[in-house]
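Only one chain comes next, encoded as structure tokens, the form predicted on its own.
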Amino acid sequence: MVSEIYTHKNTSPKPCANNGLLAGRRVVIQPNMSACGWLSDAGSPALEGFVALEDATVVARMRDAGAELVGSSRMSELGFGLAGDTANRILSGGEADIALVTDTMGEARVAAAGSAVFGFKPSFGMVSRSGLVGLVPSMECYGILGKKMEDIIDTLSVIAGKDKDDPSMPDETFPDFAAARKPLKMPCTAGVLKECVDLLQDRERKAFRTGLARLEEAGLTIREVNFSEFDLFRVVHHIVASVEASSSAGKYDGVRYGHRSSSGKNWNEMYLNSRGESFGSGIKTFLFQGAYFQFESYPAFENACRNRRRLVRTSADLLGSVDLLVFPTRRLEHDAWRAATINHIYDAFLLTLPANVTGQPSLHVPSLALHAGTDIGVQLVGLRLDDPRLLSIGMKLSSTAQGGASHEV
């Protein structure tokens, strides 16, 4: 069943198990996550009418853990940005307890900031991407939205872990999430990037500083830190992501599946017309940009990759002097749901891009930085594969977040 906010509505979301970790919890996914028998068009004409033949690894694991899959939300084309995305509306409307969304630029955290819920992007490589219709393989991952920290932790505990069907997963030992369910009791120092605070307008800065004060009330020590190359995150993400997207989208040729043009005098014209009709203007622009860096300015792509490595190293070094980094989640003047151009999309996700570039875990904590009823958000970033510690800090802050509305600026 299709509606304004669903691409597929499950009329009988019966769980496979009644005693699993997610038993009794309703989960909404996106149509770029394969669920057997459901439309899986990833919000793109390129995959019109495509129905998944089997469950993605994460979907199968959630079913086995007792989750009730209520359906697929609408989404931005191929998961790039939040235009047209309805997962947060389903969550806010009380039709689901947990939403699984693709986080390529920070979509999970920005969507969470717009819904007064927790939003989490796990470390890259911690969750299998098998069965995900992807666009930017080295930066995208499953993001989790939940009304309670327990929703985030339990969902990640279920979907994380090695998967033989995803050979891209790292060989590193994955952490145990048992400790994440207990609030962190040891002292914690949070580094606030001066370069991020400088980007905020006066009213946003006031709201964010209120959020920092609430972190201090919860026992965290706040320290200002510098990241002189912060501006590089946007450049690196844009170049690397566009190249990966251009390469990934090459498979949508109108021959094997998805949209096939009805015009054209021969096979070659059919192929060219199918490609031209398969994407919206935003994605098409992004793919053209990626092709340019692949074939006309490859040294710029190589340089972006070198800069990315340096950003990863600098972020890790910063986390050698503090326990976590703190960012605002969004800026009020940039609406991610209305962003219509590539530049506007990057404007809307400027503060969440770093964790996708470096592969670090990032948690949005709601209701700490409110302004006139709008949450600009407080976003915590930890060391890669140190997700349990970050989530444990989130548990420590959850009671503070629940009381944040009464301290609105």
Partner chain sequence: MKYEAVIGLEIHVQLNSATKLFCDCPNRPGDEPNRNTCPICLWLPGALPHLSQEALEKAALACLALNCTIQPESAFDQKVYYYPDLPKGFQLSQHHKPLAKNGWVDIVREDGRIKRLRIHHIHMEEDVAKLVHEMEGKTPISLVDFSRAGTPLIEIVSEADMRSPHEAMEYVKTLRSQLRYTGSAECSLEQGTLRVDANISLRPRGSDEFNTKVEVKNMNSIRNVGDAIAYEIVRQTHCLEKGEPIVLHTRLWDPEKRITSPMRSKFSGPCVPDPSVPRIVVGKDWLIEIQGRLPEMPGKKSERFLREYGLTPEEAANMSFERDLSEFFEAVVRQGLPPRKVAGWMTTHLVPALRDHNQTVRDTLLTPVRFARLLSMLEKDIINAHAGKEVLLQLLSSEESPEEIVEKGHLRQVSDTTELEALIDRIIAEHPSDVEDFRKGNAKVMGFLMGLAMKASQGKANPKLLKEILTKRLN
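Positions refer to the first chain, counted from 1. These numbers were taken from a predicted model, which means no experiment stands behind them.
Missing here is the form predicted in complex with the partner chain; even so, the following discussion is about that form.
Figure note: of the listed segments 143-151, 250-258, 183-191, 84-92, the one touching the partner chain in the predicted bound form, with heavy atoms no more than 4.5 Å away, is 250-258. Interface residue remark: residue 282 is not counted as part of the site for the partner chain in the predicted bound form, having no heavy atom within 4.5 Å. A residue is said to contact a partner when one of its heavy atoms sits within 4.5 Å of a partner heavy atom; residue 244 meets this definition for the partner chain in the predicted bound form.
The partner chain is not shown here, but in the predicted bound form it comes within 4.5 Å of a heavy atom of residue 131. The shortest heavy atom separation between residue 59 and the partner chain in the predicted bound form exceeds 4.5 Å. Not one of 176, 337 and 395 is positioned with any heavy atom within 4.5 Å of the partner chain in the predicted bound form. Put simply, of 210, 314, 157, 294 only one has a heavy atom within 4.5 Å of the partner chain in the predicted bound form, and it is 294. For the options 228, 168, 262, 201, the one in contact with the partner chain in the predicted bound form, meaning a heavy atom within 4.5 Å, is 168.
Contact annotation for 57-95: no residue has a non-hydrogen atom within 4.5 angstroms of the partner chain in the predicted bound form.
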